[in-house]
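Two separate entries follow, structure 1 and structure 2, each one form of the same protein chain as structure tokens.
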Structure 1
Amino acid sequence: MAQQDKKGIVKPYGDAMGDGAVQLSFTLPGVSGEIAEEAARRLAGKMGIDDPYVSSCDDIGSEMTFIVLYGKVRHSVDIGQIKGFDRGDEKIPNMKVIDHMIEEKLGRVITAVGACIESDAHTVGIDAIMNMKGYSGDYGLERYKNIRAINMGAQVSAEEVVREAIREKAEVILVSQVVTQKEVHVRNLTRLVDLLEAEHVRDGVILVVGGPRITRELAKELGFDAGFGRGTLPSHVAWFILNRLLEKEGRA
């Protein structure tokens, strides 16, 4: 019967509950034909996939083989053990409410400096969060009466961001990173944290990073206060800022 395990153990599902059905694709270099097929099956075996079925095995030139594979994964996950994730029950208030709460509870205008840093030229994401217009019908930070949002745009060096934050007495720094190949974002973000620490201002600001491949874990790991990924709305960010500031002042 198509029902989740009552104990909170989840496992991929194809057409029989518990079947562990997964689809996999990858390219194997340096092999072809039957050997590639068998290599793919063995690889799947190591991944804990039973009955691996190579549904296609295409020679793609340069001595490489593209594999599509189906099989049944043995592993499962206990979702009872997953803590600290949004269970979808926290309803985030809209701009009006948040703006009002900033005034009420915090009683001051928050300055936030934002930029897409280093060689990254992708403005669309940071603009979606900061510009008036906002994103998906959710207004951007510039439109909040109680947030002074300074959008520095893209290709801004970490040094410039730090300088501007200090100059403007920013309480919040918002950085965007979209290009992630060879972990260039990790390098850029680490540098920013180092600079802030060198200037002894790290503790004085809320440091937020966003981008399509940013996760909250990565952000924490790199020393940020928060990380926002795909589909973030400006109100999510404003809500986080407000709460974190209140928390900092021991008023959360």
Structure 2
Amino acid sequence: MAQQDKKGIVKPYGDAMGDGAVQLSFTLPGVSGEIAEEAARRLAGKMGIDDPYVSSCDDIGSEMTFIVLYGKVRHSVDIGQIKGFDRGDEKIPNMKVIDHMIEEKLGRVITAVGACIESDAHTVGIDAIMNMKGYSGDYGLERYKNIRAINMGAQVSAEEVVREAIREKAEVILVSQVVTQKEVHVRNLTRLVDLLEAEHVRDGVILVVGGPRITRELAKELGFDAGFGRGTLPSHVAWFILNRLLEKEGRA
């Protein structure tokens, strides 16, 4: 939890308002026991964490020690200085309302192609957004009458996605990236953008990426129109697509 005062200053909260309490977990290689604990405490101090307390220090094999640590941060954040993000108070319409608005305001069916690209075999995210049953009671894009959702599945090459989007005259490309070790997701996503630009179709599609490690900032930096992280529902994506298309056509 976090503390927020009247001026919009936010600081982590644990036992008492403004105490700055945080929990941190990480793995230390090559050390164990008391040395690992002391190393963790010293590392926390360098991070600006006061009163570090190691609650667990577990040997997980291969000379690795998993640390869970508690402490208190000294700093706070002024959320008034954060621009360009929703405050979480926008009410997203449900599927029926969005579907009706697509028909009424756009007057056509939107074609959306989606896939987990390259080596990524985790379809949970893309399926949650595209499959008819959706996620958490929120119906997926396949359920919309005015969205033609083409789910290409997992381990689809960037070239295949681009070919399918061109063949189907897609207005939207949705990609999911769960595997993020060694920044492989960044390389995959950058390559997709490069291929779209090489085919001179980047400006003609709305490009959306989702995944647990995806942020709006990262998506924008890599050349995507939007990035969706944890907790995203199909209606969030559909609402973004509709509004972006209306904006592109000067109808927003």
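Just so we're on the same page, rigid core means the largest C-alpha set that superposes within 1.5 Å between forms. As the structure is a prediction and not an experimental result, all values here were calculated from the model. Residue 1 is the first residue of structure 1, and the numbers go on in sequence order from there.
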Open item on the list: I need to confirm something. Of structure 1 and structure 2, which is the form predicted together with another copy of the chain?
Closed with: 1
Open item on the list: Given a superposition on the rigid core, I'd like a yes or no on whether residue 227 shifts its C-alpha by 2 Å or more between structures 1 and 2.
Closed with: no
TODO: For residue 148, decide whether the Cα shift between structures 1 and 2 is 2 Å or greater, given a superposition on the rigid core.
DONE: no
Open item on the list: Following rigid core alignment, is the displacement of the residue 128 C-alpha between structures 1 and 2 equal to or greater than 2 angstroms?
Closed with: no
TODO: Quick one: how many Å does the C-alpha of residue 60 shift between structures 1 and 2 once the rigid core is superposed?
DONE: 8.7
Open item on the list: Could you tell me the distance the CA of residue 13 travels between structures 1 and 2 after a rigid core superposition, in angstrom?
Closed with: 4.0
